[in-house]
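Form predicted on its own, single chain, as structure tokens, below.
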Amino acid sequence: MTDSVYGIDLGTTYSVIARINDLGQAEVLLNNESSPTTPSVVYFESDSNVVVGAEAKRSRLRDPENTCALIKRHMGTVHPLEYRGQTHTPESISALILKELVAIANNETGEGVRRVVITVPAYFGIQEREATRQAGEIAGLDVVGIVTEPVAAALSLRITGEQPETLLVYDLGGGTFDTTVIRAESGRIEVVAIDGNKTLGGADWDEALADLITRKFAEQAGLGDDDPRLDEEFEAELLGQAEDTKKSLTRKEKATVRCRYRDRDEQVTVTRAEFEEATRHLVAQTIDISRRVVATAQRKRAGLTVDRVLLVGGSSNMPMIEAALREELGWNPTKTQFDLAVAKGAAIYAQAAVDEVISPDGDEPQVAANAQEKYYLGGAKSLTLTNVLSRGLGVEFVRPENHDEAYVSFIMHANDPIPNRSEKVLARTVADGQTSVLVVLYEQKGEVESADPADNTRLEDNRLPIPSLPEGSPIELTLEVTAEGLARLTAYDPTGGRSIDVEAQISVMKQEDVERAKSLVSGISLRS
């Protein structure tokens, strides 16, 4: 196809790159090990050379201090990491993973990949989404869009039905968990409700399995209170074995692991039943979140029922997941291409964006009268997408009876439709002769709204100058959120006629930080 653009599933444990081929089909590109998935692991061989992927993952066994994994869990946070004397951020390390994916595509297609769409979990907030976009910028890419993983998964099915269908996307990846209720029909996707946990994923199942293996090994070897996991070599080998054992137990009822520690060498057998018992609490968390997202959707749409449940993400392939959804919720889930669906959907979204047949704000896109049906859109000529806010947004106020006690009052809430503009919120000055008002915008941090500022993410603030006014003078606040979830709060003084905008500080990285990271990453070579 002309005007090439690529879709990237930038995953916590594995990443994938895809495109729309000349037949109008979404296809995943294979890396140099002929695998469609590339481990999201970076090994710093030196200060100027890194290895990304399977070899980097193997390097954790011999040099864990110079190997980075699970970096997605820290996107949008201040989380400096030092390797080989250089300080990196989650964005710069993610950029190295993106560069490897681009190298895979260049090698496969012979094209110079520049334009991409990158996926994010649906519940990622403003800072995490912008951090993902900045990772693409640091990698030297033109990020033409950010799309949520459940929407991408739905797109990968090439929705063709003329009648609307309600889908629940259950996306259990390597490090994150997402649930999304979607109304879908040919050429149209509407997100109704989202929920999830950015620190719950397959890596937690690996950790629980590693604990189980260690307990059985310690008992067989007679280690007593000696904890072999304190040994770096044992720990690095164990974590790799735990993931392999998890995959084996997906296919078999039991698996054997060889454990070596000091002079002890044991064959440890783990059954699927033991693994399921050890991780029952993790499955229960996903069930609770799934119930919660459906309840949220039903509050918005009375009488809503789920027509299909889609299993997405490599960890959804574990038999315990399908069994729990059947037994606990009465659902009969549909399996997708677990590891590949999100990247394929990202490629579909990307192609629709560059073909200018997509509207991300709910309005019908302007499509030429002679436009052709798009195979990658399931025969539709265009794609209309409506979304919801991932987290609540609020403003800091003080208690009338105690001006030293601050609290957050939410103006927009998680799962409100976007784009959106709030009604005017009336605030008041707190002292006689006050000459300015500090306006602070917050984003919900936890799973539920909290009035405590410490439980929220402070995005940005600005100060509105006002004439000397008596206590209780009015200040009008209006919050506007774009289709991509970017926020602007306007404060207006009707007495003095002045206003200010408080635009969300959408990333922890300033532009000068991004430029420094680009310089750092551009000086590092990749060895495949």
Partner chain sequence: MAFDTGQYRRTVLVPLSKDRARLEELQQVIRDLQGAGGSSAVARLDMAELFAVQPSMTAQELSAHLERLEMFFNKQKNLVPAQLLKRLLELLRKSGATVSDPRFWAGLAAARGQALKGRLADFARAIAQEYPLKVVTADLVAEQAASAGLRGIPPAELAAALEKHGVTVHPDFEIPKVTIPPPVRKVTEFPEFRTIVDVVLRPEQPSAVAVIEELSFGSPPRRIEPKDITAAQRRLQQQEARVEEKARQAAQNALAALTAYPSAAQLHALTLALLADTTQALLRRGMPRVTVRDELVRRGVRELDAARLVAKLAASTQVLGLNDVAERLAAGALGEARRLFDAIPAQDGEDPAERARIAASLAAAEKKKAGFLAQYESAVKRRDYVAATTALHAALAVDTQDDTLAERLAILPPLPPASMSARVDGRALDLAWSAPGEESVQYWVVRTAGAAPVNPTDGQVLAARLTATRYRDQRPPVATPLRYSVFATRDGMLFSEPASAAAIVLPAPAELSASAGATDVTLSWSTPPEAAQVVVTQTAADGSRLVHRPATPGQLTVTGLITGTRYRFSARCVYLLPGDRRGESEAVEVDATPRGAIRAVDDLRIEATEAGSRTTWSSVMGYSVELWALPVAARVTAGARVSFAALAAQRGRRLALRPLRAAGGVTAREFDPLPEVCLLVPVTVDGDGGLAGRPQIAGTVPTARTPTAERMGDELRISWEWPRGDYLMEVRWSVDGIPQVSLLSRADYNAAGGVRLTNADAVRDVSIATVVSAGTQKWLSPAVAVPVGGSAAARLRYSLAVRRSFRGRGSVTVTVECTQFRGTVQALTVLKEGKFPPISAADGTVVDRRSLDFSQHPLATFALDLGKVASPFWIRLFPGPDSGVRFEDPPTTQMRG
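Just so you know, these numbers come straight off a predicted model, no measurement behind them. Residue numbers count along the first chain shown, from 1.
Same protein, other form: the form predicted in complex with the partner chain, not shown, and the subject of what follows.
Participant: Taking Asp288, Glu328 and Thr384 as a possible spot, do all three reach the partner chain in the predicted complex with a heavy atom inside 4.5 Å?
Facilitator: Answer is no for this spot.
Participant: Which residue, Thr305, Thr87, Gln267, Asn402, has a heavy atom that falls within 4.5 Å of the partner chain in the predicted complex?
Facilitator: Checked against the cut-off, the match is Thr87.
Participant: Using heavy atoms only and a 4.5 Å cut-off, determine which of Leu239, Val357, Val440, Leu282 is in contact with the partner chain in the predicted complex.
Facilitator: So the residue touching the partner chain in the predicted complex, by this definition, is Leu239.
Participant: Consider Glu449 of the chain shown here, and say whether it contacts the partner chain in the predicted complex, taking contact as heavy atoms within 4.5 Å.
Facilitator: The answer is no: Glu449 has no heavy atom within 4.5 Å of the partner chain.
Participant: Does Ala295 reach the partner chain in the predicted complex if we count a contact as any heavy atom within 4.5 Å?
Facilitator: Flag for Ala295 set to no.
Participant: According to a 4.5 angstroms non-hydrogen atom cut-off, is Lys247 in contact with the partner chain in the predicted complex?
Facilitator: Although the partner chain is absent here, Lys247 would stay clear of it in the predicted complex, with no heavy atoms inside 4.5 Å.
Participant: Against the partner chain in the predicted complex, would Ser422 count as a contact residue? Criterion: heavy atoms within 4.5 Å.
Facilitator: Because no heavy atom of Ser422 falls inside 4.5 Å of the partner chain in the predicted complex, the answer is no.
Participant: Please name which of the stretches 146-154, 250-258, 78-86, 311-319 has residues with heavy atoms lying within 4.5 Å of the partner chain in the predicted complex.
Facilitator: Contact-bearing stretch, as computed: 78-86.
Participant: Relative to the partner chain in the predicted complex, which residues of 229-257 have a heavy atom no more than 4.5 Å away?
Facilitator: Read in sequence order, the residues that approach the partner chain (within 4.5 Å, in the predicted complex) are Arg229, Leu230, Glu232, Glu235, Leu239.
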